[in-house]
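Only one chain is given next, in structure tokens, and it is the form predicted alone.
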């Protein structure tokens, strides 16, 4: 009985890996070309922007928060940098820096509303989701922005002649996220706040400061993800750019084991979750699945992410109760 429970717990804790392997095998059986190195490289490349913004979302979710505005942040960030590229002729690197600054300021505004004004994260980011897209639409007057050709060159550049630049950026973000969460005091404070914010505050952690920083980081990564995505789309941005990307980011993080309740998660799981979502989308397109059914399949993946997260949370609560022992009468009475 114990061995069965241990196997069940092991599968539950590694549900993302199991689901990833199952999906990979199924799509490979449908079409052996799915296993080609070119297709695998393409999956990682296409998952790059989702993974980047999902890393930022991981930081937020670890504090039991949420950021619904990352899609609008991506849109507004590239709109500002794109308009400046067209009007002033600035190069790709300055445009990237501008996109990062706009994304960071967007995240800082979320942080101010949440930390200082004490508006709950869901309502704050739901509001900035609408505000950000509205500002971007006003700046573009609902017209498509065509970036200069050098923007496409950034997305097509091969590092060392073999690795696409979006994958390099994705890898650097994963490394930075891993170091921040596992090798710094800031990372330990994030986990402490996610597990119990009041206990963290009593332990001397500046909860407001940490909470503000995670939303600022999330905004920074959203600005970066938007820039990477537009470089892969041929340098074209319209009003629909970034729509719904917040759900992909949340699903990637939660599929990777990050709990919606805070305190549990890591960037490696987020990496696997982002690849899984992109693999499902690519596999459906590869096997010519009806275009109208594809969003439904993605919705099922998101549902599974939340379902497994709920199961993990319930399992953790049961394990905690198992180790709680009532105080005996003799102990309660003292010596």
Partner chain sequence: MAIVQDKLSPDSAFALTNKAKRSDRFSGGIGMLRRLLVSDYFVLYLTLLFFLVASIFYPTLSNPASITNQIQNFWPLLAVAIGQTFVLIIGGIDLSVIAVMGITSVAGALVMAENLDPAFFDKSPVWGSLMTEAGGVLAGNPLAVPAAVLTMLLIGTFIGWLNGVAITRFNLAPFMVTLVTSTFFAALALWLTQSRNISGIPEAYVTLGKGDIVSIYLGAKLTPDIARRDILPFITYPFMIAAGLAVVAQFLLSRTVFGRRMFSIGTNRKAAEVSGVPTQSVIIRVYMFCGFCAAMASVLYSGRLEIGQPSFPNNLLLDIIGAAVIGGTSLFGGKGSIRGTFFGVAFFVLLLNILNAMRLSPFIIDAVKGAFILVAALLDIIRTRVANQEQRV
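Numbering follows the first chain given and starts at 1. Just so we're on the same page, rigid core means the largest C-alpha set that superposes within 1.5 Å between forms. Bear in mind that the values here come from a model prediction, so they are computed numbers and not experimental data.
Omitted here: the form predicted together with the partner chain. The next part is about that form.
Within 4.5 Å of the partner chain in the predicted bound form, all of 120, 127 and 247 (non-hydrogen atom) | Yes, all three are in contact.
The partner chain contact in the predicted bound form: residue 160, any heavy atom under 4.5 Å = Although the partner chain is absent here, residue 160 would stay clear of it in the predicted bound form, with no heavy atoms inside 4.5 Å.
Distance check, residue 135 to the partner chain in the predicted bound form, heavy atom within 4.5 Å = The answer is yes: residue 135 has a heavy atom within 4.5 Å of the partner chain.
Taking heavy atoms only, is residue 28 within 4.5 angstroms of the partner chain in the predicted bound form?
-> No, residue 28 sits far enough from the partner chain in the predicted bound form that none of its heavy atoms falls within 4.5 Å.
Looking at the partner-bound form in the predicted bound form, is residue 131 within 4.5 Å of the partner chain by any heavy atom?
-> Yes, contact at 4.5 Å.
Which residue among 260, 80, 213, 165 has a heavy atom within 4.5 angstroms of the partner chain in the predicted bound form?
-> Looking at the other structure, the residue within range turns out to be 260.
Using a 4.5 Å cut on heavy atoms, which of 113, 105, 169, 92 is close to the partner chain in the predicted bound form?
-> That would be 113.
Within 4.5 Å of the partner chain in the predicted bound form: residues from 195 to 221 (heavy atom criterion) | Nothing in this stretch is in contact.
Determine whether the C-alpha of residue 33 shifts by 2 Å or more between the shown form and the other one once the rigid core is superposed.
-> No.
Honestly, after the rigid core fit, is residue 294 moving at least 2 Å at Cα between the shown form and the other one?
-> Yes, shifts by 2 Å or more.
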